[in-house]
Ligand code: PMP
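Only one chain is included here, represented as structure tokens and corresponding to the form predicted on its own.
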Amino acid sequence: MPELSQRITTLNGDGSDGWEVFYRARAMKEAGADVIELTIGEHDIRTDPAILRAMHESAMGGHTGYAIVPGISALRDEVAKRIEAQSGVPTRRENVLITPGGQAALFAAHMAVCNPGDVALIVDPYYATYPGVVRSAGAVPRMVATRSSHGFLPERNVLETASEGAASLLINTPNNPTGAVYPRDTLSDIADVVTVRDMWLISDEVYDTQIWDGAHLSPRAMPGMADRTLVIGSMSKSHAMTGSRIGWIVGPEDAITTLVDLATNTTYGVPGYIQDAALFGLRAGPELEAKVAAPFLRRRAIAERVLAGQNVVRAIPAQGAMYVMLDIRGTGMSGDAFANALLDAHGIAVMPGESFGASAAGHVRVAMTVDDDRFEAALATLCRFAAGRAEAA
């Protein structure tokens, strides 16, 4: 058999994709075990029935053929209107490409701004697929380390050192896995560094409707940044449309034009009936988005209450997104060892911090994605388990 390409066989770098605990928990559940999954960002509520009706009506109405590759004009216009309202930056449909979800948008963005062998920066901790996305685009990932004690926010001196010779920087605010919402000062430092280095900034903003403290600020709104920023958006988190696979890239018109060429030769667009459903969802307004976000705000309060009753597990302030990042170094265990032991002992699955990069070692990410009572009970069990391990250490 001929050999596979190095590009495809080296996507995971060290051979791990970071999802081992998740896969093991799923296997246990399929075998009949009672497992509480607090691993992936999958809403415990499903897509709103009104969105599904719009999708059904569009499909039954015949919008099942090839859709125009850049995205239907009405949806591009609606995304442009949304982004302009958020950022204050004039945005037209020509600045928007509709993609099959945020993941495809991340790949396309790196293909657009990185030549083979270019260095692409990623803020660590990062969403587990980021390094593989960079490698799949033929670029070389370089991590920008952050500190738990600093809320996992990138610091200017570290950025300046890491950015030498880099072509792009990928950031994510609100952040998965940490829950950090980048403040203006941090975004100003990022804008300064990428401008001085003449880099592209790729800003993953898929959690922009899940803000618990502070406010979301897109770096595209910073002075001089609109022409060097590609914004990644998605309906997955804001509208619980994870399985529908629909998102977008917003950027300079010239960049979007070339990205349309890429889409023509890869995805060939997004089904029209899914685009129509997304258009309906966006037009439903902030009330629907608030309804989707409400359980996570409520569960963040539950997490704060549970964690306040103990002193072994330290929470990183969750300012946004659907996760709580926990520092479990007081147990003397790595995040990986803790997550596997917790799964074995109590059937509770969380993600090891190490799945998201070296900066998150000794932490675990807890997804707030089960009903309130189960979430509270699972988190209380996690804390008791951590206390027992700390005493034994």
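All residue numbers refer to positions in the sequence shown, first residue = 1. These figures come from a predicted structure and were not determined experimentally.
What comes next is about the form predicted together with the ligand, which does not appear here.
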With the partner omitted here, the residue among L169, L106, V231, A318 that in the predicted complex has a heavy atom within 4.5 Å of the ligand is L106
Checked Y182, F296, Y207, F152 for heavy atoms within 4.5 Å of the ligand in the predicted complex; positive is Y207
In contact with the ligand in the predicted complex (heavy atoms, 4.5 Å), from 172-180, 212-220, 186-194, 285-293, is stretch 172-180
Would you say all of F22, G335 and H363 touch the ligand in the predicted complex, counting a heavy atom within 4.5 Å as a touch?
no
Notebook entry, point to check: Taking 4.5 angstroms as the cut-off for heavy atoms, does R245 touch the ligand in the predicted complex?
Noted result: yes
Can you tell me if G102 lies within 4.5 angstroms of the ligand in the predicted complex, counting non-hydrogen atoms only? yes
### Query
Is there a heavy atom of Y127 lying 4.5 Å or less from a heavy atom of the ligand in the predicted complex?
yes
inquiry  = Taking any heavy atom pair closer than or equal to 4.5 Å as contact, tell me whether H239 reaches the ligand in the predicted complex.
reply    = no
In sequence order, the residues of 359-393 that place a heavy atom within 4.5 Å of the ligand in the predicted complex are none
